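Next up is one chain by itself, shown in C-alpha cells, the form predicted on its own.
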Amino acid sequence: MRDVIVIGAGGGGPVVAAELAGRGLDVLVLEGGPRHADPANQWSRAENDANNPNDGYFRFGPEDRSKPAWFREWTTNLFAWQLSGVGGTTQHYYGNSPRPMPGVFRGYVGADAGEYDTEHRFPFSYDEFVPYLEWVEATLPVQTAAMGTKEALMFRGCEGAGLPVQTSRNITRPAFRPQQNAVLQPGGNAGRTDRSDLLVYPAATGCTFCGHCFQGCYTPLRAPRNLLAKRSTDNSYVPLGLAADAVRPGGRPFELLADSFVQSIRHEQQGPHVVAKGVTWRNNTTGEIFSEDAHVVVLAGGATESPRLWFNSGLPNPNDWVGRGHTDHFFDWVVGSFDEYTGNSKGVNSAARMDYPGRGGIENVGLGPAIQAFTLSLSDSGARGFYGNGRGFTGSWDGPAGRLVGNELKDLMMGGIDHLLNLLVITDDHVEPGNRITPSLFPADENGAPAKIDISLRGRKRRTLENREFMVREAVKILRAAGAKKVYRLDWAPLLLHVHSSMRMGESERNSVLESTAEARWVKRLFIADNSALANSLGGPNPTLTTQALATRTAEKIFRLYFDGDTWVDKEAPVESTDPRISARM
C-alpha cells in the first residue's frame, strides 16, 4: 500500500509528487510515455525527428518509436499537440510563465471584473493563490527572460502603439513586458559565442541561445540534469523529487516508472461514497499488468487523458461535466515581414509579451524553418483569396486572412526567415460546455477506449470570438508600429496546445468536477493536478505556472486531509530545483 500514486509525469504530476515526497510520504509516479534520461544522446536538433506526430521522440506514444503512436479521434479539422513521456508537454514549451489574470478568481472587484468569464471562476481568491505562485517561481526558478533583436522589435512596436510597460508580475492593466520565463539566465560563455566547444558546462551555464526550445533542452552540454536551461519538469521537479531525501529533513525519494500506462483507477463503494483504492497499469514493453493500492490517487494525465481514464474506469459523472468545458486559448497567428533583420530564429524562442486584461495576450515567437513553415500553412481560411469558404476575412492586415501560396509566399520567404516577426494571439476563451472529451467508438487499443476530441471552431461563445478579433487587431497595430512592410493574418485552425479545464474545479457543483481542494466531487481520495483542473482559461496567460501553483496547493490539501499534516507554503522556504545537493545526485 502506497501513500500516494500519481498518474502522469507531465506539467503537474511531478509537482505534487515532489512536494509530498519532501514531506516523507511514499509516492509512486506512473508515466505512460518514455523517460529521456540522457537527452544529449537521445534527442536531435532535427525538427521532424522531434515533432513528427507518428514517430518523433516528442509524440503521444510508447518509448519504442517503431511502435505506432496512440490513437485519438478528432471530430474536426484540428491538431492536438500534446506529448507523452516524463516532462510531458513541458518538454517542448518555451518556459513562458506569466501569472493568471486576477479577474478569473472569486471575489475580484476591479473595474474590469465584468469582462471575464464570471460563470466559471476559480473558487478562491487571487490573493490566496499568490503565495503558491511565488513558491513555484522560486522553485523552478522563474526569471526575466533573456532577450534579443526580435524582442526589441516587439517592444518598439508596443511603444509606437502607445502602450505602457508593465513593472509587476501581477497583470492589472494593458501593458507590455519581458516574459517571465522558466529558462535559466545565460552565464559564462553562454550568450557570448556560438562555438560549441565553449558552450560546455561549467564554462557555460544557463541558456546558450541555441534557439531550439521546441526540441527539448539539453544545454549547456554536460550540465547535471537539474541545471539544464529550460525548466521543464524533467529538468526541475523530477530531479527535485528523486532527491527529496537530500533537500528536506525526513524527505523520501519518489519512485518513477516510465512507459507504464495506467488503464484504470480502482475504486469501491463505502457507504454513500465512492472511494479511490489504487490503480492498474500496463508495462508498454512487456505487456505485463500490475495493480497497487494507495491511500490517495492523483490523476494528472492531461486535459485529454484524464477524462479518458475517468470514463474507462467507470467513475461517476452525475452532472455530465466530466470532459466538458475544454478551453484552448483559440490561437491565431499574425506575421510581419520586415526589410531589417529581426533575429526570428535566434535565441530564446519567446521572450516578450503584451497582456490585455479581459481579452487575452500576445507574445512573440521565434522559430526554426520547419515549424515556421507549419505556422504559415495552418489556416481555417485556406489559401488566401482562392477559396470561398465563408472566411478569408479582411481587416487591418494586408489582403484576406489565410495561408500564402505561389509567388506571394515566394516573395515573403525571399527575405529569409530572419526578416519575419511572429506574434501569437492567445485568446481568453470562455468555458464552452460543448467542447469536450468523450470515449471514442473506434476500437479500443491495449489501454482501453481512446479519447474523442470534439472541439468546435466556429461554435464559440460570442465573447470568445470578439476577444480573438480584438487581439488580432492589436497584433497588427504592434507590427505596423514596429515597421513591418506587410502584415499577414493566418486565421489558424484549432491547434490544441494550451488545453485546460476539461475536469474543471468551480464554484458550483452544477458545472464542475472538482471541489476547491481539487478532490473529485464524487470520488473520495481522488485528486486532479493537471491543466484539466483549471477553472477557466486564466484570462489568456500560458497555463503551466498556474497548473504548478495549483498542484502545490493540492499537495498541501492532500497532506492536511489524509495524512494529518500541516501546510508549508506559509511557513517554509522553497528549495530551488537548481540546488547543488540535487546536482550531486544527477
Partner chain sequence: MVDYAARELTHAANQSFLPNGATCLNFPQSTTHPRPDALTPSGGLVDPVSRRTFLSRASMFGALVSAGTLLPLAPWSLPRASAQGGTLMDSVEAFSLDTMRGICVMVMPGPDPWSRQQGTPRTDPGPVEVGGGEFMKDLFDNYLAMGDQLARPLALGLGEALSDLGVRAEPFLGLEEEEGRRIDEILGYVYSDRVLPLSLPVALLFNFGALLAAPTSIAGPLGSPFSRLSLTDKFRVLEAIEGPVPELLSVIDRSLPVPLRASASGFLRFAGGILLQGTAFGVYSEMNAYDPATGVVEPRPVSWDLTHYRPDGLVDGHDEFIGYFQDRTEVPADA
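Predicted model only: the values in this text are computed from it and were never measured. Numbering follows the first chain given and starts at 1.
Unshown form predicted in complex with the partner chain; subsequent notes refer to it.
- With the partner chain left out of view, the stretch that reaches within 4.5 Å of it through heavy atoms in the predicted complex is, among 117-125, 467-475, 342-350, 231-239, 342-350.
- With a 4.5 Å cutoff on heavy atoms, Asp26 does not count as touching the partner chain in the predicted complex; it lies far away.
- Contact annotation for Ser508: none of its heavy atoms lies within 4.5 Å of the partner chain in the predicted complex.
- At least one heavy atom of Arg192 is located within 4.5 Å of the partner chain in the predicted complex.
- In the predicted complex, no heavy atom of Phe393 sits within 4.5 Å of the partner chain.
- The partner is absent here, but in the predicted complex a heavy atom of Glu73, alone among Asp245, Glu73, Glu255, Asp398, sits within 4.5 Å of the partner chain.
- Screening Gln185, Gln263, Asn283, Asn319 for any heavy atom within 4.5 Å of the partner chain in the predicted complex leaves a single hit, Gln185.
- Looking at the partner chain in the predicted complex, residues Glu47, Val165 and Thr219 each place a heavy atom within 4.5 Å of it.
- Residues of 107-145 that come within 4.5 Å of the partner chain in the predicted complex, judged by any heavy atom, are Glu134, Thr144, Ala145 in sequence order.
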